[in-house]
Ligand code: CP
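For reference, the chain that follows is the form predicted alone, supplied as structure tokens.
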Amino acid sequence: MSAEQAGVRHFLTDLDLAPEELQQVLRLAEFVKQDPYALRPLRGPQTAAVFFDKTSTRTRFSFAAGITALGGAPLVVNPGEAQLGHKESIADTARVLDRMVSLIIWRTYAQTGLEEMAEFSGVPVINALSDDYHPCQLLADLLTVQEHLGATAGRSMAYLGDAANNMANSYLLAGVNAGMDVRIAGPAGYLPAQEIVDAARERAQQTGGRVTVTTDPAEALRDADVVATDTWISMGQEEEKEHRLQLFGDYRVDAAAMRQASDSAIVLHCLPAYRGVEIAAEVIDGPQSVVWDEAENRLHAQKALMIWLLTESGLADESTAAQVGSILGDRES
């Protein structure tokens, strides 16, 4: 079975969901957060393969717990435990797995590997993080914004720090997809690639979102409803630590930065956080921080995503499909 034959939906980048589809996933996430075991499309249990090329805490626990709550069995595969990508091609692995599992979830390095997996897979493939994007994290972030601010559309979100990484890319793309005014701030040479900015601006034309990319943190922070950051030193960048600490110093989310944002602004951080580096302890542990809600929402958002992908791919049972249709209302209208 090929993806083309099956009409399978994948989630490899933040823009793989159209704006209205993103809202459907967020509505499902609200539902499963309130009623965690009502939807069980993986009952059987069906197996979901979860590959980890990179270490993880929130991704590992949220997917394992979420798959189990949906009635399935997570098969977690750590580096060196499978032949994926070295002794066996990604394409051949996909051809084998889609006869055995109902979902493929992969936390990896190169985005091209995910694209190849999806090309040859007859079941949904989910990007659990790549060097280019972290779209599952942004589903959780948008759910958190919606919970605390009532809606995403029309809200402004400032991201400060390393603006050339996967988190900055996903904040930009997912934020405008949700109709937000997204401001990305980082030093020269550490800003999103032009192709990411162009894609965000194109999507913003559909949603009413806005895109600002700047080297001025004050421009990004001005009256922002949401302030987000990420570690300045990602996996594989440890040798650059001292240089990065100096380079990003003006982009720290501290009390001074928060005074430039809206008085009611909320603070996001995908974690792990390094207090006193990219974010001050008084901010992440303070009253404006919603990072623990954000971390929990990885579970609910990813459950909703898996339910939606299985349903849209025609791989969910009739009962689940009917429940999803009822929750989302007249999707065909």
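Numbering starts at 1 and follows the sequence shown. Since the structure is predicted, the reported quantities are computational estimates derived from the model, not experimental observations.
Only in words, not in the display: the form predicted together with phosphoric acid mono(formamide)ester (CP), which the text now covers.
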query: Candidate spot Thr55, Arg107 and Cys270, all three in 4.5 Å heavy atom range of phosphoric acid mono(formamide)ester (CP) in the predicted complex?
result: yes
- line: The one residue among Gln46, Thr59, Ser289, Asn297 placing a heavy atom within 4.5 Å of phosphoric acid mono(formamide)ester (CP) in the predicted complex is Thr59
- line: phosphoric acid mono(formamide)ester (CP) in the predicted complex has a heavy atom of only one listed residue within 4.5 Å, and of Asn169, Gln137, Asn127, Asn177 that residue is Gln137
- prompt: Which among 303 to 311, 66 to 74, 31 to 39, 271 to 279 is in contact with phosphoric acid mono(formamide)ester (CP) in the predicted complex, heavy atoms within 4.5 angstroms?
  reply: 271 to 279
